[in-house]
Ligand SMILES: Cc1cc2nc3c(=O)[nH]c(=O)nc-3n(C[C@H](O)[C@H](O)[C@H](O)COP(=O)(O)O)c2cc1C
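First, one chain by itself in C-alpha cells, the form predicted on its own.
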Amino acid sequence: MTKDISNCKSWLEAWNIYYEPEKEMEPEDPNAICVSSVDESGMPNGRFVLLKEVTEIGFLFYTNLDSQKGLELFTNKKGALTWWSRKQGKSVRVQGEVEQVSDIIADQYWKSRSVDAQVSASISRQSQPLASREQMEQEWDDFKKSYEGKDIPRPANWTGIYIKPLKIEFWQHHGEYTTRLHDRIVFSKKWR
C-alpha cells in the first residue's frame, strides 16, 4: 500500500517514503539517478550516476569536476536530477542549486571506496578522447601497482556535489496506468 505524501511536512519526509521501499525491491542500484546539466549553447545533457546521500541539504553524488557534467553544473550553479522506480510506479524530479562538498566530506567518502574505484577515479580523464582502450587499461594497471600497499590520495578534481532542491516533483501512477490520471505533488522554494 502506498503511503500518502500529500500531508508530509517536508520534501525529505516524502523522499524517504518513496525511496526506502526501493532499497528492498531493487537489488541493483536503487540509487541510480539521471543528473542533468546544460552546456554553453543551452543544450541539455543527462547521464546516470549513483546517489550517495540525501539530507536536508540536498541530493549528493560524487564525480570528476573536470568532466562535462562537473564543468556544466558549476558554470551556472544549477542542475537537475530524476529518480525513477519502475516497480513502484514512482519518480522524483529535482531542480536546484549546485554546491561542492567540503574536502573533509569528500576525503571521508573517498576512503570508503574500493581500491579499484579509487584507481579508476584517479586515472580518469572524463569527457576526453582516449588513444585506445588498451592504453587506458595499461594506465589503470600501472597506477594500481604503483600504489600497492599504500593509500591512494583523493584527486583534487574528484569530489561530491549536492543538488540543493528549489523544486521537487513527486509523481506516481494512480489506478490503472492507462488512464494517465497520475498524482503529482510539488514542494518548492522561491527561485532567487
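Every value quoted in this text rests on a predicted model; they were computed, and no experiment measured them. Throughout, we count residues from 1 along the sequence that is shown.
One more form of this protein should be noted, the form predicted together with the named molecule, which is absent from this view; the next part is about it.
Proximity of Leu50 to the named molecule in the predicted bound form: non-hydrogen atoms within 4.5 Å are present.
The closest non-hydrogen atom of Tyr62 lies within 4.5 Å of the named molecule in the predicted bound form.
Although the partner is absent here, Lys69 sits close enough that one of its heavy atoms falls within 4.5 Å of the named molecule in the predicted bound form. Taking the partner from elsewhere, Gln126 is found to have a heavy atom lying within 4.5 Å of the named molecule in the predicted bound form. The candidate stretches are 41-49, 132-140, 148-156, 162-170, and the one lying within 4.5 Å of the named molecule in the predicted bound form by heavy atoms is 41-49.
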